[in-house]
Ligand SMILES: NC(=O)c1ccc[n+]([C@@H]2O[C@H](COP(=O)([O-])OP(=O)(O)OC[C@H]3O[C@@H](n4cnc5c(N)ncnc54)[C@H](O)[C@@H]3O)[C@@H](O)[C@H]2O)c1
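Single chain ahead, written as structure tokens, the form predicted alone.
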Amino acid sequence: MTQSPKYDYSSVNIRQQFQVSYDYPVLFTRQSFDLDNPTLAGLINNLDEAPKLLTVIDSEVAKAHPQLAQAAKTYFQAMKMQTLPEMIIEGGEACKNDESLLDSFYQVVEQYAIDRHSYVLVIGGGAVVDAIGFAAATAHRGIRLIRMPTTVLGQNDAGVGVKNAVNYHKRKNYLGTFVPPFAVVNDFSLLDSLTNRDKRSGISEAIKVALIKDKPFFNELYQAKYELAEFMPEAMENMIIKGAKWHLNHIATSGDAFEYGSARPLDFGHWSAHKLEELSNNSLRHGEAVAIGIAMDSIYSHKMGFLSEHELKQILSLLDTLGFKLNHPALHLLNVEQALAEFKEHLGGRLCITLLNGIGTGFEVNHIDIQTMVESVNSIQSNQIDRLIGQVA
């Protein structure tokens, strides 16, 4: 029997290092499928191969825009692309809870031999973009994905970033990837058919990023609060563009685009928002839950001595003027300690919560005083916000 030679493997240490550069455009337009609009056409860079394109449309968007599927097909056929029968999938959080969705998508990819040089165009709200983003990222280890978010929240926040996910056992975003899209096209004309509730919901993410990053942006939102409350196009589009810019800036400059660490500054107000969505059986829109979370963590920041009373009143006044209902029944079901523990698990075992050290300045803490946070929740439940708002300049 041959004896294996003895080696000192302790001296073998291969350290693999490489960098990958990501580059994708976020474009703003109207009427994307007008044959004279070059926005989408300019994204397709391999026309000599007659690439395939699969369009996936949110069912709610398809109802609101019944001509959309045909308009997209006509547009891409004019570009000499191989257009495939569109997929219509259920809109809202239901699609992320649908265990059959991924299999349906993979079957279409297999049936039509969609490959890594093909394109998937997803048109829909944040949940649909999230779910199809995950599906596209995991089929063939990644199919080129063009996102066309159709909600305010999707256009200024969720749809422009690098996250994709589906829910698992109703745990939000339990399965997911960090994979940048091939491109994002924000078509403002797709917002026209949204309900006021959905338009309002998306504004909370812009408020969030202004509070933690940019005091002048918050002041702009505050000064334009009546125009935003009426969803005036100029105010809304300015809010969306600046919110998207800040979201993209954070991804590019934070040094942790794929969230390997525990700090999640862009998740200000989110530790409770995710739990409130779950407790409400998703009757709360994500942006509505974020607005409640912003109020909760702003009140906590004030109670802990970080945020002035005047600044707190400005934040609450803005949320109130925009029409957010902060005292939702789900708050009465919220177990603060349990929700923080679940968020800690989601972060990877170390609690890291963003608070406000003044408007425009977020900072991280690794401990939350449970009793003070409970008192912050109680402030909302007991309708103390009306008193807190008062008269602010």
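Being a predicted model, the structure only gives us computed values, none of them experimental. Start at 1 and count along the sequence shown; that's the residue number.
The same protein also has a form predicted in complex with the named molecule, omitted here; what follows describes it.
Undergrad: Within 4.5 Å, heavy atoms only: does Gly176 come near the named molecule in the predicted bound form?
TA: Outside the cut-off, so no.
Undergrad: Heavy atom to heavy atom, is Lys275 within 4.5 Å of the named molecule in the predicted bound form?
TA: Output for Lys275 is no: heavy atoms all beyond 4.5 Å of the named molecule.
Undergrad: Can you tell me whether Gly92 touches the named molecule? I mean in the predicted bound form, with a 4.5 angstroms heavy atom cut-off.
TA: Contact with the named molecule, yes.
Undergrad: With a 4.5 Å heavy atom cut-off, would you call Ile359 a contact of the named molecule in the predicted bound form?
TA: Residue-level check for Ile359: no, no contact with the named molecule.
Undergrad: Which pick from Lys163, Lys225, Lys245, Lys73 sits with a heavy atom within 4.5 Å of the named molecule in the predicted bound form?
TA: Contact with the named molecule in the predicted bound form is made by Lys163 alone.
Undergrad: Though the named molecule is not shown, can you say which of Arg144, Lys96, His302, Arg200 has a heavy atom within 4.5 Å of it in the predicted bound form?
TA: When the named molecule is considered in the predicted bound form, the option within 4.5 Å is Lys96.
Undergrad: Indicate whether the candidate residues Glu309, Ile315 and Ile389 are all in contact with the named molecule in the predicted bound form, with contact defined as any heavy atom within 4.5 Å.
TA: No residue of the spot touches the named molecule in the predicted bound form.
Undergrad: Just one of 209-217, 126-134, 74-82, 316-324 has heavy atoms within 4.5 Å of the named molecule in the predicted bound form; which?
TA: Flagged stretch: 126-134.
Undergrad: Along 131-160, which positions have a non-hydrogen atom within 4.5 Å of the named molecule in the predicted bound form?
TA: In sequence order, Thr150, Thr151, Leu153, Gly154, Asp157, Ala158 come within 4.5 Å of the partner.
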